[in-house]
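In the form predicted alone, a lone chain appears below as structure tokens.
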Amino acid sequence: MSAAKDGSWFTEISSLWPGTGLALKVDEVLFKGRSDFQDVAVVKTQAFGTVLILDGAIQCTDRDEFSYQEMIAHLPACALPAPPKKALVVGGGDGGVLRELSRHASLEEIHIAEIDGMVIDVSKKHFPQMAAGYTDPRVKVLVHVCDGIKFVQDAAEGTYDLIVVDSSDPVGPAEVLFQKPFFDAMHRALKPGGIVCTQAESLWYHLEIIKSLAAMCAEVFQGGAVQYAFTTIPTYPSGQIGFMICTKAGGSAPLDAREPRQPLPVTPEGRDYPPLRYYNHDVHRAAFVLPTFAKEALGPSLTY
């Protein structure tokens, strides 16, 4: 983004999707900066509204953010057999996951561990429709602008019903969020029967990464369940992004996250949230239906 200016084109290019790029015409550059961890930029586009870009990778846009935020939050929360009471978000500095989790009235506390305070500040200014999640009194930022791994490792055993990892791609600051020590720490921090949902890349570009991640999760969540689901979103590579959903052992049988058990989330009273625009119970069930090539590749590590 160093050369970006009003009226230019931004093209997202990465070694994670070689030979391809998504180009958006920039109407206006709203913010450019460098935090302690990454380049941060916000641009206004005609096609997708305001766009957040971290280290040259699109993180969210006004137009399609809901398809990701709703699914990464509600797939795990609605799969639980009992309404969740305590949740943790790792990453997610834009506030979108907080907004969606706050639709669950049962939650008493929602913690967030975001390593980059600049992302939080920029999002509150330029993405108020997502950062609205920070205004919920149950949200404890604590100002946990901190290393997500350390925070999870320091959490008391059996603290959370639900952990959502809203990370960027496995390069740079987010690389450690795809490694076994972090998943070991999350497993420990979960209550028996608790659930983790983490961003898990594109079936079209990252199948080998997903295979390795699923195999590692099967090792960590022994006696529980490991599953993969996905959503569609036009500004992520290939128009699809996945979620690894893991449940900790705690019942007579591993939890099958394919079945929604909680009612549809609703807007908290007195909050000016948009209605749900992507998630519903039919979409929940369908999200776990994998194409043949993915089912064959991931099947050995998946519980259901």
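Every value quoted in this text rests on a predicted model; they were computed, and no experiment measured them. Throughout, we count residues from 1 along the sequence that is shown.
Just so it is clear, the following notes concern the form predicted in complex with a further copy of the same chain, a form of the same protein that is not shown.
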Contact with a further copy of the same chain in the model of the complex, heavy atom within 4.5 Å, among 262, 240, 267, 35 goes to 240
Query raised in the report: Any chance 64, 276 and 292 all have a heavy atom within 4.5 Å of a further copy of the same chain in the model of the complex?
Result: yes
(request) Please check if residue 193 has a heavy atom lying within 4.5 Å of any heavy atom of a further copy of the same chain in the model of the complex. (result) no
* With a 4.5 Å heavy atom cut-off, would you call residue 234 a contact of a further copy of the same chain in the model of the complex? -> yes
Is residue 151 close to a further copy of the same chain in the model of the complex, meaning a heavy atom pair under 4.5 Å apart or at it?
-> no
ask   = For residue 182, is any heavy atom within 4.5 Å of a further copy of the same chain in the model of the complex, or not?
value = no
Among 87-95, 117-125, 226-234, 153-161, the stretch whose residues bring a heavy atom within 4.5 Å of a further copy of the same chain in the model of the complex is 226-234
In sequence order, the residues of 98-125 that place a heavy atom within 4.5 Å of a further copy of the same chain in the model of the complex are none
